[in-house]
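Just one chain follows, in the form predicted alone, and it is written as structure tokens.
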């Protein structure tokens, strides 16, 4: 019989860092609320959650790297919103943020949840921060929990 490794959706005993962008805070605060709620409902202790606020999504990869290298976290969740405007700035920021986060993910030191919204409109961001499309912050948190539990088994 083959061995199967699967992550549980239990945050009990996990230490979780939440990196939250202040830019577009009317969206990112809703993502944070969703992530915190999902973590607490899945057994995380309030004292095991740390929130790190950064100016914008562009600054997240550097902070993510420092947190991952610290060894203090089982999982880290990145929460931000990059909304397209009338200039190419959106493309540069979105691409670099995703590449920076991916570089930490592929090292496999810590589970990472990516709750970075990249939307064309404010309305799309609002939908993904807790209305029609659910809360992507909660989804990112639970993905990080699942991967943290997989890492524990490997």
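Residue numbers count along the first chain shown, from 1. These numbers were taken from a predicted model, which means no experiment stands behind them.
There is another form of the same protein, the form predicted in complex with a small molecule; it is not shown, and what comes next is about it.
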#### Entry: Contact test in the predicted bound form: residue 56 vs the small molecule, heavy atoms, 4.5 Å
yes
### Query
Is residue 135 one of the residues lying within 4.5 Å of the small molecule in the predicted bound form, judged by heavy atom distances?
no
### Query
Is there any non-hydrogen atom of residue 93 lying within 4.5 Å of the small molecule in the predicted bound form?
yes
### Task
Would you check, heavy atoms only and a 4.5 Å threshold, whether residue 89 touches the small molecule in the predicted bound form?
yes
### Task
Choose one stretch from 99-107, 30-38, 48-56, 63-71: the one whose residues place a heavy atom within 4.5 angstroms of the small molecule in the predicted bound form.
48-56
